[in-house]
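First comes one chain, alone, set out as structure tokens in the form predicted alone.
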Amino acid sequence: MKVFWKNANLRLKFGLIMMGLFIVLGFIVPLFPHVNPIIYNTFAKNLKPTAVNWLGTTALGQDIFWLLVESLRNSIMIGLIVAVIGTTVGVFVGLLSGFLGGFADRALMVLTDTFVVIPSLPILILMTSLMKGQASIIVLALTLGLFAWAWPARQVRAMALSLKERDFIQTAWFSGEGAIQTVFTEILPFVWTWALSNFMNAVLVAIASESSLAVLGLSPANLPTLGNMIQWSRERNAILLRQWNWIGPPVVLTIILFISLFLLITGYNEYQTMKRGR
């Protein structure tokens, strides 16, 4: 870890620090005793920031700070679940398609291309509308993950097509390794670095997608997320009423979260480039 931190560039360090703070805020801070922020009329309405309510309260009598913490945690969880689904399925499909070739390759690529060309936003709008605003985090993440694996699968397939022509793959074949064993023991280690970078990018895209659906009023109405928190404040005219302590924190936190993920992704890619150049 000391060597990694010493060689890491400034963007990677800043991204790691910021994401660490977000993890603490979203997953450690909620462990402290607090009032459930989802319940209405817990406090007086539209309070300004005080020693008790650090960011004030909403028009529904909810504590904004704890609502923000809950929303951050759910947004990160959605991003992580979608990233796991998209990266895992994408890497698995791409490796099998590129390495097996033949009919399996054509069948998998037809399926992959279908999900690539289908416009995801109209489908997501339709699916979330059918859920009638009652979806859980898992259901919403699975819905978003449905479209998160196709592009990674195509990219991994291209990598697999190149790698399988290398001499060490032929050596693995002649040594008696099967197709699945060769994929996971010989090719997968070369894809791992790319997969980690794609995972971080998938987290960013998933949070952005959920926020877009929420601002359109299509995210589950009973699920606090950063996007939903912005939408709830808009529905109750927080901007017109100049309740900046309500609408401001989720907007600012979302922007900082996106910037942190972007710095983490670009910093990690630069770090890997530096390592390969040594």
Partner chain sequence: MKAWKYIGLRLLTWALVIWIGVTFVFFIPRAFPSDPVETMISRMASMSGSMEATQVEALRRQLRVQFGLEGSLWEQYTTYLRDGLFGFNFGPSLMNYPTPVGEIIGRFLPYTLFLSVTAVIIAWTLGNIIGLLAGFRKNKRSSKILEGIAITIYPIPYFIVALVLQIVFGFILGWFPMTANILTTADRGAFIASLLRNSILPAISLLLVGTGWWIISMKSLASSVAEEDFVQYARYRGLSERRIGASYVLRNSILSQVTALALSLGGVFNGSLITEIIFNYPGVGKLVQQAILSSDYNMILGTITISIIAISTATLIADLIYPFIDPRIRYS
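These figures come from a predicted structure and were not determined experimentally. Numbering follows the first chain given and starts at 1.
The form predicted in complex with the partner chain is left out here; the points below concern that form.
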Task: Contact residue in the predicted bound form, chosen from A44, V35, I28, I239 - any heavy atom within 4.5 Å of the partner chain - done: I239
- [ ] Quick one: from L130, A104, I138, I180, grab the residue that has a heavy atom within 4.5 Å of the partner chain in the predicted bound form.
- [x] L130
Task: Whether L204, V251 and I255 all lie within 4.5 angstroms of the partner chain in the predicted bound form by heavy atom - done: yes
Task: in the predicted bound form, segment of 35-43, 66-74, 205-213, 51-59 with a heavy atom within 4.5 Å of the partner chain - done: 205-213
Open item on the list: Is F262 part of the interface with the partner chain in the predicted bound form - any heavy atom within 4.5 Å?
Closed with: yes
Open item on the list: At 4.5 Å between heavy atoms, is M159 in contact with the partner chain in the predicted bound form?
Closed with: no
Open item on the list: I'd like to know if Q155 sits close to the partner chain in the predicted bound form, meaning any non-hydrogen atom pair within 4.5 angstroms.
Closed with: no
- [ ] May I ask you to check whether T114 falls inside a 4.5 Å heavy atom distance of the partner chain in the predicted bound form?
- [x] yes
Open item on the list: If you apply a 4.5 angstroms heavy atom cut-off, which residues in 2-31 are near the partner chain in the predicted bound form?
Closed with: R11
